Each structure stands twice: as C-alpha cells, then as structure tokens.
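Read the single chain below, which is given as structure tokens and is the form predicted on its own.
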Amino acid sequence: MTPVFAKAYSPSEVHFQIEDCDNRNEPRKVMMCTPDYYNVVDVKNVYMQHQKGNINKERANIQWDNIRNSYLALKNQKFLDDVVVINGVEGMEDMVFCANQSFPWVMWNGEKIAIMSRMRHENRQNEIPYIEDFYQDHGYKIVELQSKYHFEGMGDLIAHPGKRVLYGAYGFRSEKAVYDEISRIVDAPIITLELINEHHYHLDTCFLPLNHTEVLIAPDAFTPESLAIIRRMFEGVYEIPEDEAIDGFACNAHIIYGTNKNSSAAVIQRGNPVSLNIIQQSANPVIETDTTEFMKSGGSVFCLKMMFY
C-alpha cells in the first residue's frame, strides 16, 4: 500500500487511492437543536436574500419535528443508536443548523474528540460554548484550533464513508490553510476542494458521498481540479441537475451509512426525482421530508443534524 501521511493535500498532491487509507467506523448517533429561536435576521448567503422576517415559525417547527420523527423511526429500525436533542438559545437564530459548529472524530486509541469551529460570522461564533457543553456531557475531549483561520465544521469537512480520509472545502466560509492543523489533530489526510459557486458556500450543499465508492455532486460548485480528484477517489460520480442542487438542496440530504452498500438509510428534501432515484439504488429506506422553511436560510436535512459517536 502507498503510505498516506496526515496532511492537507491539494488535488495535484494526492498520490494515493482510497484503498490505501485505513478503515473507520461511522458514528451512529444523531444530535439536533430545537428551532425555538430560528429566524432570518441578516444575510449570510445568497439564499437568505429577501427572507428577513419571512420564516413561518409554525411550519418550521412542524418540519423540524418531522425530521426528528424520521430519525426516531430509523433508530427503531436499528440504523441509529440514539437521537439526542439540545435546546436552542435565544438570540442565536442559526443554532438549529448544528452541523456547523464542530467536527467530532475518534482517534486511533478510541478517544472521542470534538474540534470546535471558528465561524466566519461573529454572531454564529456565540453558539460554540453550547455545543461544547453537549460534547463534554458525552465524554468528548474539546479541541480548540490554535490557528486563526475560519472553519465551519461538518458544513465544509466531510469524511469518506468508512475511511480515515476527509474532504475539506474552502472558498466561501472555511479557509484552506486551516486543514493543515486539522489533519494533524485527527491524524488523517484531508483532500482540499475549492468551491466557486456562491449557491454552494458549504461542501454539504454540493457533495454527498453515498457509500464507499459513489458520490452525488453539484458539478458547478467546484474547480476543474477539484472535480478531477473527486472522480479519482470515487468509482461512481453522479452529477445532479442544477435545479435539484440549488432549488432542492438534494446534496444536503443525509445518508446514514450501514456496514455495506445496501444497508444504508437516507433522509432527503422532497421533490428531487433524479437524486432520489440515484440514492434509492444504495439506501433503503429513503425518507422524503420538507425543509422549505430552513432552505430560506440556506440549509436542509444535513445542516439540521450532527452525527456523533
């Protein structure tokens, strides 16, 4: 096997294949944050334009409850071990998007760590202490970044299913330079991907690994070099229509990975027939849900949860 060192790799520097990387167990617990104070009060991305004061709170609560109930059903079917809910905090309208404030990981010796984000927008940085409390309650070691670069958690850093290698995006929120430090912390390689489309300001809006060998992408999100390395690391790369990627947030679906290709489950925003058909080839059940109130703020299913160990 080719030696794979723990560092941040630009696409041109990647000399290894997925098979060269060590195996990793996927997390099986879901954390969600209640939408009690969810709102759009300013514009942090293109989706939030003209949405200030335009959130139907009652509908948002119903949509959030439906997602939680979907996870509880998947827990009953043994796809998940637990579903944990924390309370939103007054004045932190974006805290419901709990994929952004941290990155959880398990080290070689079994130690659970949580790298805390350094959010680009100052008012979102205020959410971090509450997420730290959650991790401390669940036996995690809290890791604060020493560098001053921005990093937005699992919004921009996504692991290859079942492998100790990660994909780290930069261009809008997180900064490329932060991945050198993170790769050393998690002792795993990070392949950096550059985002160039403002509709895909986070990696989780345009990049959805389906399993060990296949991925769903919004191709317009990436530079040619980033697209090329994605094609190298996955045998099956499925490009979805632009309307499903931008209007339907299809890549912001959530895959709960099983032990093999045909033992996964998924939750996806309804109304994405092309993406739905692709996901159904490797996941069952696939639950369609409605996140339209949260899409006004630039997020869907993936953004509204955090998988943890």
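Bear in mind the structure is a predicted one, so any value in this text is a computation, not a measurement. Counting begins at 1, following the sequence as shown.
Beyond the structure shown, there is the form predicted together with arginine (ARG), which is absent from this document and is the topic of what follows.
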For arginine (ARG) in the predicted bound form, the stretch among 195-203, 102-110, 230-238, 82-90 with residues bearing a heavy atom within 4.5 Å is 195-203
At the 4.5 Å heavy atom threshold, is R68 in contact with arginine (ARG) in the predicted bound form?
no
So in the predicted bound form, is arginine (ARG) close enough to F97 to count as touching (4.5 Å, heavy atoms)?
yes
Heavy atom to heavy atom, is N45 within 4.5 Å of arginine (ARG) in the predicted bound form?
yes
May I ask you to state whether R124 is within 4.5 Å of arginine (ARG) in the predicted bound form, using heavy atom distances?
yes
Work out which of P209, G155, G168, P189 lies within 4.5 Å of arginine (ARG) in the predicted bound form, going by heavy atoms.
G155
Stretch 165-199 - residues with a heavy atom within 4.5 Å of arginine (ARG) in the predicted bound form:
R173
